[in-house]
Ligand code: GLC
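In the block that follows, a single chain appears as structure tokens, in the form predicted alone.
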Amino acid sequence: MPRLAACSAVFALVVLVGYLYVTEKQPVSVMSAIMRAMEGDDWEIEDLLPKEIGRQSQSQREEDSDDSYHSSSDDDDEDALLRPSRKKLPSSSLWQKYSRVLNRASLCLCAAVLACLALGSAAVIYSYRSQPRPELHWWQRAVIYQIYPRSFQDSNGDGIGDLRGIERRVDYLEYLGVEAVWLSPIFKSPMKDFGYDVSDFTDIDPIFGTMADFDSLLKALHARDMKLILDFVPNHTSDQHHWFVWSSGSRDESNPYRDYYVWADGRDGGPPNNWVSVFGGPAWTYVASRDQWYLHQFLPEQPDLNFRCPDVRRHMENVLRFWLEKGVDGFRLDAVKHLVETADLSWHEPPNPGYVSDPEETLEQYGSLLHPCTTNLEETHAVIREWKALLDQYSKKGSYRFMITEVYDDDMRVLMTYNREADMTFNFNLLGLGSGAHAPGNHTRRLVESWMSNMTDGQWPNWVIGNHDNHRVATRVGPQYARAANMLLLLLPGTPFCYYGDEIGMEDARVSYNDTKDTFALNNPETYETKSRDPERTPMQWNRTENSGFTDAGVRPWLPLHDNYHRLNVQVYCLTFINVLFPQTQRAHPRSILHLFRALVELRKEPTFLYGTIRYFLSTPNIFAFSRTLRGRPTYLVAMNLGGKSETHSYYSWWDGWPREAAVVLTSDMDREGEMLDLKALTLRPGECVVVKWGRAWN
């Protein structure tokens, strides 16, 4: 845009200067020629020239004509007769005044056009320098770091991570540069689903410590200006929660908890309908004391709460209030699309025509049915809006209270509905990295563009490349491409979520069936390896000692560590922070993926990355490149090669004002910083990602 405005101004200036030049000595001549043309008269080029030049040209022609008169033939005379004659304009003073007026008017018009273009160019340039930026909330600026508490740091030698262990590592979190921490569930639980089966929503499970430990951790994070987000599990409780114990006792009207859960009478000696659990098998379990079946969309030990019951909604709102009063900064709402079921529990769910069964599976699988009766009901959205209103009340009293919802769904319209109701809903598109092996460049662009293009005005994007329910990114894409994946995560517009260990490139560990803890996998022994979530939940790899510094030597961790922990750990990769964390170390890698992660966190603080727009500049089967631009700030190009061989492409664009050469800011291998790269022929190695910039800051 600045280049277009400047070109327009220069063009107008050239036209005006040329016009003034040819009319300097006889300003009427140009207007005279124009008037002749309007009247249908003939005119010649002399009419556009000053009178002196015109007279010289005419006299010269007359002399030439006299010299050659006698040599002319009769044919020449005939041509002369056919030549049109020139008519002279009236020489009256009125006509001359009229011409002068028109000529001056045209000069004023040209001057006005030039002035408008100049002012427009100045306005464009000024807007580039003074573009107002919206104030961002902390969750929009932050890199949010997910901790799976059982696997981060053990402080008491029982082989399971805990809250005191996390507090011991707060300095490391500060070193990374993350500004918010999200904890997977720490509430009191029998641990059938490792905290997602809650028996007390307002107490800490003894495995993780005490409420005093929680308060201490929260204080330590806030002291470093970091926020704490809790995992809230509203869809169900544990079957050991006192609500369920009372509810399952009887269905008498005198029982105050009678309707706290979803109960239904059986049909023909079996469950009320054909609904299937997410973890496989029937979604109903019979209780003799009530002679009824209760719904559990997950494990039988996780009965679904009845959100059609006003008391349940009131109690769950009070749970949120309890933690908000303690100073918690936000919540991740687990499995919210399952909150409310259809009121008529006799309805069956239709079969999924696209489902392909696995011959080794013995349980009926969730994917075999479509789920219009159990997911995404309008009543669910009403509950979410109530909770968002509650958090907004607390935001008005002090710091912003953040809410994000977890929804796995293939329908982008459904996801965008949840995205509008909370601050955001999780964008799991990038969990598809590694699934487009035949054309990873084009595939990655589709993953990014499908989310960005479906957001409405005012929505804020977010990105996830790993979590506790999906294979680690280094396993999905391969260790060679894990660096590029982190660069994609942290340089796209929006809020990035980083899963613990991804900053050092941790991979899935091999967990045998005998070591498996995930109930989902244990319920499907024939296919446990494809069902298990244990491989991505193994302990954090801190150093090269026995148990990698996660727990004491001689203690068996709750899950086995990856075999590569001797060479892939924080101690090996750390450098500037080494004396604080590991004073005994003798080895460090300044170009490690850990240092790359920290550099990306710092780079993301640039206004262009926080506020700027994205443009998909190039995508090929192996290359994905995009630019980040912001008026008045440098422009950045991010280009990555996700294929298996080196490729050379042009990233030069004159029209956009891009230079032929640009300086390297950061590369995935951290080995080309400061170089000037030729954008007309930029070569990227397999797995390499480069960030270049040009332009200067104007404000």
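The structure displayed is predicted, hence computed values, not measured ones. Counting begins at 1, following the sequence as shown.
Below: the form predicted together with the ligand, not depicted.
Out of the listed residues Arg445, Arg258, Arg533, His371, Arg533 is the one that sits within 4.5 Å of the ligand in the model of the complex by at least one heavy atom. The listed set Asp334, Glu421, Asp239, Asp213 contains one residue whose heavy atoms approach the ligand in the model of the complex to within 4.5 Å, identified as Asp334. Using a 4.5 angstroms limit between non-hydrogen atoms, Tyr196 touches the ligand in the model of the complex. The closest heavy atom approach of Tyr172 to the ligand in the model of the complex falls outside 4.5 Å. Mapping the unseen interface onto this chain, His381 falls outside it, with no heavy atom inside 4.5 Å of the ligand in the model of the complex.
In the model of the complex, the ligand stays beyond 4.5 Å of every heavy atom belonging to Tyr528.
This chain is displayed without the ligand, yet in the model of the complex the stretch 188-196 from 267-275, 341-349, 451-459, 188-196 comes within 4.5 Å of it by heavy atoms. Residues of 369-407 that come within 4.5 Å of the ligand in the model of the complex, judged by any heavy atom, reduce to Glu406 alone.
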